[in-house]
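One chain follows as structure tokens, the form predicted alone.
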Amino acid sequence: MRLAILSGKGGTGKTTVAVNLAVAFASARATVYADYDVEEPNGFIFLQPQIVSTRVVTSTYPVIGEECEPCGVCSAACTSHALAEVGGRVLVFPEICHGCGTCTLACPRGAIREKARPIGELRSGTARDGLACSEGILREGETLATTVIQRLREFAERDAGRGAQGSIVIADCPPGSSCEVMHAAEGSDLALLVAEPTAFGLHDLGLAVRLARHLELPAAIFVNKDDGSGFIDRYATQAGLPIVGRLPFDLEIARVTARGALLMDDRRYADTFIELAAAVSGLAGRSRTA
């Protein structure tokens, strides 16, 4: 079973929900937590796993050989505009190259070879109750977040044993509704949308709902910083989506998370995530059998 934890924008408490939900599941079943917010991963701050494996993520870029006689074919074939013919020679911009290899295939003289360069890394380890944890980290200045996300899906979910009977993957997705979010969320059994009851929060929740529907993912809403206004409840009713959990607007919650502590370790909030685990399991289970 795979759960994608989404939010229309950053700062809604998505990672707070994801890490505590992962801990709630891990006490009873094999669980994998994967942090796909590769530009700013922070789940490990709370989970504190013992790191046992690190892998470098690479991408390829073209290197132009001496036999090149600039003809414009490679630059015309490059959809990411990483090649340009200027002053009788071909310039290469590795930072924007997607490593697709099209230019190598298109070159009529076979003058292009591919070279690998590091763009990020993957880290994995084990936290409490055997919780398997993985995160991707995009190097500063790099743009190929989707490449790191794709490698993390293989690393976290294949190597950590998603296929084990009864196992569950908690995918802590990037905020927003970009291509990176789609790559992290696609193929999930349920999208859990974390929202806060503000005008901006409601607007961005709508984006997350549209993304989930575009990916044909069943969805449910978790209300963070709930002030009792019913702001999100009215939208959920109109959208036909269930609200499966809430955290109150409470300064003490901010104090706990600011210390890097887990709400699961506080008796005042632990039941919220235990009940949430039961609710999303039921919804995801129904979606798999539908």
Partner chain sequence: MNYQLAVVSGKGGTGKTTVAAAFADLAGAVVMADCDVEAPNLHLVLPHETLQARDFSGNHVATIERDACIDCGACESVCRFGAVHSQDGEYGIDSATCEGCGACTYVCPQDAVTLEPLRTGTLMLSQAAGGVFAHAELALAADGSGKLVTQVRQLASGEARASGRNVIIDGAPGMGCVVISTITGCQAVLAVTEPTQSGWHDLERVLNVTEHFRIASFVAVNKWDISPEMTEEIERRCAERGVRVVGRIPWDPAVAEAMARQLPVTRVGGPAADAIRAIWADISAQRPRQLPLKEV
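Everything numeric in this text was worked out from a predicted model, so none of it was measured. Numbering follows the first chain given and starts at 1.
What comes next is about the form predicted in complex with the partner chain, which is not displayed.
With respect to the partner chain in the predicted bound form, the three residues E39, L251 and A258 uniformly fall within 4.5 angstroms at the level of their nearest heavy atom.
In summary, the region of this chain contacting the partner chain in the predicted bound form, judged by heavy atoms within 4.5 Å and restricted to 126 to 134, 187 to 195, 216 to 224, 94 to 102, corresponds to 94 to 102. None of the heavy atoms of G87 is located within 4.5 Å of the partner chain in the predicted bound form. The partner chain is not shown here, but in the predicted bound form it comes within 4.5 Å of a heavy atom of I45. Heavy atoms of E157 never reach within 4.5 Å of the partner chain in the predicted bound form, leaving it off the interface. None of the heavy atoms of A116 is located within 4.5 Å of the partner chain in the predicted bound form.
Annotation for 209 to 239: interface residues with the partner chain in the predicted bound form are R210, L211, H214 [heavy atom within 4.5 Å].
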